[in-house]
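We begin with a single chain expressed as structure tokens, specifically the form predicted on its own.
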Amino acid sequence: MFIVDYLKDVYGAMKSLLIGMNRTGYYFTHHKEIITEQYPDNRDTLVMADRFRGEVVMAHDENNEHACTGCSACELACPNGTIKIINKFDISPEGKKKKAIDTFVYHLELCTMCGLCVEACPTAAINMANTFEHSVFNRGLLTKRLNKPDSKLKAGVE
């Protein structure tokens, strides 16, 4: 009985191997469309899917203005503390104190690219970019400041 079971296992393994080799040989000789991306040779023509989530970015216009009010909704929505918002208080022309963003710190090395921060932002100040090459030798380069120096809030955003 042991020998018969052993021979059945050997036969089954050989049959499976030949079926796999037959299929591989078929695809080797019958070329259809090529679906393999030749990265990094195709960097110039590479198109990422629209729904791809790479890293969080903050858009600034030509006047170095952004839409972030410093409400900290993205910071609260982040499941692992990737975002840290440091606020300051500006004095308006009327003499009132108004909260403004001083520094928007983003820790890319901690980010899971879940997109919850983008969903939580009430002013759509941040979004997910299609960048995916984040390899660096110094981990400190993965901590980014999203608001540009001397940037300010757009007029009309509350």
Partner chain sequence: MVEEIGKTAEGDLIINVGPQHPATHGVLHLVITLNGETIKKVEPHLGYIHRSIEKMCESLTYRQFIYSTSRMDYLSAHINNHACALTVEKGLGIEIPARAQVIRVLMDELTRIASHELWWGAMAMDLGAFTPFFHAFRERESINDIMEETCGARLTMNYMVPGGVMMDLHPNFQNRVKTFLKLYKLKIHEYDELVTGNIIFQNRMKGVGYLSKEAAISYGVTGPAARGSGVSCDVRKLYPYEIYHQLQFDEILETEGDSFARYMVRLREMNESIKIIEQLIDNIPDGDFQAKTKAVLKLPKGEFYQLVETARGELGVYIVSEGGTTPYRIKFRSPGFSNLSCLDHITRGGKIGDLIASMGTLDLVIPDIDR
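Take the two forms, find the largest set of C-alpha atoms that superpose within 1.5 Å, and that set is the rigid core. Residue numbers count along the first chain shown, from 1. All values derive from a computational prediction rather than experimental measurement.
Not on display, but discussed next: the form predicted in complex with the partner chain.
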(request) Although the partner chain is absent from this view, report whether H107 comes within 4.5 Å of it in the predicted bound form, heavy atoms only. (result) no
(request) Classify R23 as contacting or not contacting the partner chain in the predicted bound form by the rule of any non-hydrogen atom within 4.5 angstroms, answering yes or no. (result) yes
(request) Would you please decide whether I83 lies within 4.5 angstroms of the partner chain in the predicted bound form, comparing each non-hydrogen atom pair? (result) no
(request) Could you confirm whether R53 comes within 4.5 Å of the partner chain in the predicted bound form, counting heavy atoms only? (result) yes
(request) Determine which one of 85-93, 59-67, 115-123, 98-106 lies within 4.5 Å of the partner chain in the predicted bound form, judging by heavy atom distances; exactly one does. (result) 115-123
(message) Can you list, in sequence order, the residues from 54-81 that come within 4.5 Å of the partner chain in the predicted bound form, counting heavy atoms only?
(response) L76, A77, C78, P79, N80
(message) Given a core-based superposition, decide whether the C-alpha of T143 shifts by 2 Å or more between the shown form and the other one.
(response) no
(request) Would you tell me if Y26 moves between the shown form and the other one by 2 Å or more at its C-alpha, with the rigid core held superposed? (result) yes
(request) Establish whether a shift of 2 Å or more occurs at the C-alpha of K15 between the shown form and the other one, with the two forms superposed on the rigid core. (result) yes
